[in-house]
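A single chain comes next, written as structure tokens; it is the form predicted on its own.
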Amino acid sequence: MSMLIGWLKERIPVSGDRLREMTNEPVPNHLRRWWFCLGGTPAYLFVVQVVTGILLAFYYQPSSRTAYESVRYITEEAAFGWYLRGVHKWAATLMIAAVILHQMRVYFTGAYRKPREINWMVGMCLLVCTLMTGFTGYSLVFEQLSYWGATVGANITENVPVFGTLMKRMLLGGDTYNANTLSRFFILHAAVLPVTIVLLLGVHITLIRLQGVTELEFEDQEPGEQKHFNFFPDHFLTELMIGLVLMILLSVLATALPAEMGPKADPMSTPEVIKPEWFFYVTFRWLKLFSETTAILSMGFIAFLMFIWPLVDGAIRKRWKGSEASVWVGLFAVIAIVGLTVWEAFVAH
């Protein structure tokens, strides 16, 4: 063993002290509260998604002729296939929820402000990629609802000004849902979007390391209390504990509420009620309230405004010193999003 350690030290000249110095970055004390370090939660769930996704891909066949049967085989016959599919499904749901909650936490604590505007924009790109990963994954099952959800989504995309038709053709591999569509969705879901997320995460984490974490102070903080604590082992053990709790939660959800099989997709039979996954309820309800063109243009404007909000907020605060108008805008947005989501969830048509 000593010979092996000596061999490794000679070829990897990094001492334990040097490694601790490189990784043991002081962490602001408010991150002891788990809801302030939600960024690690979607990262952990993303790893779970990658691992379970690779295992599911051994059996999945991305073709309109074989997709449904391959998912049925995973769910009903493959050893622990039902468990892996359930964990994959629930990890996707929790990951989307965690990314949204993390973005809300950053927004309401003003952690997007100078000099962190670029990192907010990177976070918005991560949110979009996460939502698109959920959409493409939902469509791969080739059930009746997922098929028509993908069809409706592509038709909505077509109404985007200038690039809409091109985007729809690239998504479907033609003017309508065809034999090439599922393979496109699979490549997006299993390769393009995960690689994009990894690259964005790399940029996101690099900017955090360069700029540091936004430090928050609380009224209940003790006068002599330290403002920082070590990343390793304190924060590392916190993240590890969160990961273990999430794994237990995913196992319970996958067992108690397993992923089920709906009716196979039938292009000749349109369902009476077409609903997307929960994270698109707000979009679906918005489309029902306005004409397609008005709804799409307004949603595009809202998304663009969210993307550049650090610049807008900076201009507001420059004009009115110390203004917290962003808090009221955020509260209104949260109430609207929750209201539209609940509305769509409980209304059949």
Partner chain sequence: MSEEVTPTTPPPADPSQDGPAPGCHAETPADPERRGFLGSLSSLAMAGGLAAGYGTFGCFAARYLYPAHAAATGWMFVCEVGRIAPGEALAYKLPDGAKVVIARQGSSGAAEDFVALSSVCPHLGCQVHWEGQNSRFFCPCHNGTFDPSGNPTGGPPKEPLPRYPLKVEDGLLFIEVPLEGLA
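Being a predicted model, the structure only gives us computed values, none of them experimental. Residue numbers count along the first chain shown, from 1.
Heads up, the form predicted together with its partner chain isn't pictured, but that's what we're talking about next.
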I'd like to check something about A179: if you look in the model of the complex, is any of its heavy atoms closer than or equal to 4.5 Å to a heavy atom of its partner chain? yes
Just checking whether F290 would be counted as a contact of its partner chain in the model of the complex - the rule being heavy atoms within 4.5 angstroms. yes
With the partner left out of view, is G262 within 4.5 angstroms of its partner chain in the model of the complex by any non-hydrogen atom? no
Within 4.5 Å, heavy atoms only: does T109 come near its partner chain in the model of the complex? no
Of the listed stretches (156-164, 111-119, 75-83, 97-105), which one has a non-hydrogen atom within 4.5 Å of its partner chain in the model of the complex? 156-164
Output flag, F142, V152 and T270 jointly within 4.5 Å of its partner chain in the model of the complex, heavy atom basis: yes
Among the candidates M132, I208, M170, C125, the residue which, in the model of the complex, approaches its partner chain to within 4.5 Å (heavy atoms): M170
